[in-house]
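This text opens with one protein chain seen in two forms, each one given by itself as structure tokens under the names structure 1 and structure 2.
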Structure 1
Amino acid sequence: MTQNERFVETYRELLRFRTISAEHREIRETAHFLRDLLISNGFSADVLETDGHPVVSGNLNLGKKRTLLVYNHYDVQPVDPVDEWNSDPFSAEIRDGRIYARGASDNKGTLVARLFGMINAIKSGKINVNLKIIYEGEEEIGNPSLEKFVNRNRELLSSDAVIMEGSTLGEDGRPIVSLGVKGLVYAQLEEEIADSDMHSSFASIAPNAAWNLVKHLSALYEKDSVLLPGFYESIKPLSPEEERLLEDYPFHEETFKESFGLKYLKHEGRDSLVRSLFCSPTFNIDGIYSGYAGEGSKTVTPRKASAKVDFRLVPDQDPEKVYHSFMDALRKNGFKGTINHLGLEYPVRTSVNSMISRAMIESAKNVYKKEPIVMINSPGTQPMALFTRNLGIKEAVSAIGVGDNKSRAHAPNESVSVDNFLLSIRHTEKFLEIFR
């Protein structure tokens, strides 16, 4: 068996663990498998307890000047609907050059590809940094224990740079390098004004919880602008290099609309759309519920209304300040219900001129023989700021991922190309040769 064949078989072995964090399935079995895999390849490693699922920690001190922290998660999403899978979600079946399994792309494939790349770099003697590893088991349920774990283990995790959960390949096969993430405020609102719904004939004299909630939310948003005091004041201007990255970002308006069946977009023109995608903070209603929404008619005046909303933030907006400003504005406008935040994340943006950015871009070019797609930050969010803000790590990127536009992460028939998996190993190895 060749080395690449051994790598693929170990990858499939990891995929066969039914590591569904929402169902608390095979968590410890997976964590111990990864700990043993690290130890068998020269790392010191342990399974460390948290308030929830355990973290796998690895360390390899090679006497280098700088230390790289590598973050991944070993948990996966539930597999429902099972009847839409063409093979058992945990069989790791190979068909037509692709491995099919839950977690193949998100995130077990990237986790193990990076590890094999590290192993190759160590064996070749070309690695130029010490390595620290953190594999967590709660990413797919919102990282509820991660911040406390990070704060309790500052010395253990102390590093000069961090690679976060992997990115993917673009539609044209180019690797994506994300230099940061948007921040997040996720909140739930609920207002209850009576003990029961009422006949809608009383709408002339009884308040309506649904109308109340709609009124309060719409008072904070107009013409695509967030009306919270000072909301836009702290936004960090782009550097000339970041402006150029926006100009180079591949975005096709019609392709994007077709992929979701969208009738129109909120902006016109490629430049406006790209700038908004990466540089504009947002206020979004994720879901709203009140009264009767079933089949047929039921004329009621609702007693209760609730909504979940999120703000996506850009550097240097502060999610704590935004959340409190949001609460203050609602109270000032007369909202009398409850407001709870369900998650706060700080935005991050690493300079394209940083050592980790340059090494990641150069290594991607070398391995894929293509210019990578470089995003100034992802339009989405991950807990990158736990490492940059809480630990003071100066450089952070999200890159080196095994997925592509056919991978269907979180969906039935999730898969990864075997060729892409092997390229990710080579990308990791080349990155560790360049980064120092």
Structure 2
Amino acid sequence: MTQNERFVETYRELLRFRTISAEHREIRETAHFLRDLLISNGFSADVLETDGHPVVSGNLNLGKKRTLLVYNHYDVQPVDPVDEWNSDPFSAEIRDGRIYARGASDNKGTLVARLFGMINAIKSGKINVNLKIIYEGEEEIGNPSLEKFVNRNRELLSSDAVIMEGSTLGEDGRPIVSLGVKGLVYAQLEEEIADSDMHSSFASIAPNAAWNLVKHLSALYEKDSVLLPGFYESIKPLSPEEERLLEDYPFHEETFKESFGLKYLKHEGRDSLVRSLFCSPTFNIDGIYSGYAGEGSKTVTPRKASAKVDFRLVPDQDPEKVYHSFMDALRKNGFKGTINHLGLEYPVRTSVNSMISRAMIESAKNVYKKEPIVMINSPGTQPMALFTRNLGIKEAVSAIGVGDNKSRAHAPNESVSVDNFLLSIRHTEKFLEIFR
């Protein structure tokens, strides 16, 4: 068996654990497997308790000046609808050069590919940093214990740079390197104005919870602008290099629309759309619901209304300030219901001139023989700021991922090409050769 064959077999072994975090399945078995894998490759490693599923930590001090932290998660999404799978989601069957399994792409494949890349680099001696590892077991259920764990383990995790997950191969098989994330405020509003719905013949004297919510939301958003005081003030301008990354970003208006069957976009023109995608903060209604939702007509003045909303934020907007100014504005306008946040995440944008950005871009070019797609920050969110902000790690990127546009993360028949898996190992190795 070649070394690559052994890597693939270990990958499949990991995929056979049914590590569904939402169902609390085989969590500890997977964590112990990973700890043992780290130890057998020369790392010191531990399974560390959190308030939820344990974290696997690894450490390899090579006596270098700087330390790199690698974050992955070992839990996976549920497999429903299981009927749509062509093979058992935990059999890790290989067909036509692809490995089919829940977690093949998100995130077990990336986890082991990076580990094998590190092992190769250690063996060859072409590595210039110490290594730290954190494997989380609750990413697919929203990282409920991660912040507390990070805050309580500052020394253990202390590093100079961090690689997060979430990257894949993009258009034309070009690897995606994302230099940050948008921030997030996720909030929930609810107002109850009565014990029962009222017949709408009373609508002239009884308040209507649906109208209250509609008017309160509407008052804070006009012509695609968020009407919160100071909302746009702390947005950081782009550097000339970042402007160039926007120009180079491959975006096709029609392809994007087709992918969702979208009838139209908010505005037109590639440049303006790309700028919005990466640089515009948003105020999004995720859900709104009140009153009668059945067939036909029922005349009712609803007693209760709820909405879920999210703000995506860009550097250097502050989610805590945004949340408080949102609450203040609602209260000032007379909203009497409850306001809760279910999540606050800070935006991150690492300089394209940082060591980690340059090493990641150069190694991607070298391994894939293609220009990587470099995003100034992801349009989405992940808890990158827990590492940069809470731990003070200066450099953070999302890059090196085994998935491609056929990988179907979170869906039936998730898969990864064996070739891409091996390229990710090589990419990690090359990155470690350059990064110092």
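Please note that residue numbering is based on structure 1, beginning with 1 at the start of its sequence. Just so it is clear, the model here is predicted, and its values are computed rather than measured. Basically, rigid core = biggest C-alpha set you can superpose within 1.5 Å across the two forms.
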query: Form selected (criterion: the form predicted on its own); finding: 1
query: Core fit, then Arg270 C-alpha moves 2 Å or more between structures 1 and 2; finding: no
query: Core superposition between structures 1 and 2, C-alpha change of Glu155 at least 2 Å; finding: no
query: Post core alignment: Lys365 C-alpha displaced by 2 Å or more between structures 1 and 2; finding: no
query: Following rigid core superposition, Cα shift of Gly296 between structures 1 and 2 in Å; finding: 3.5
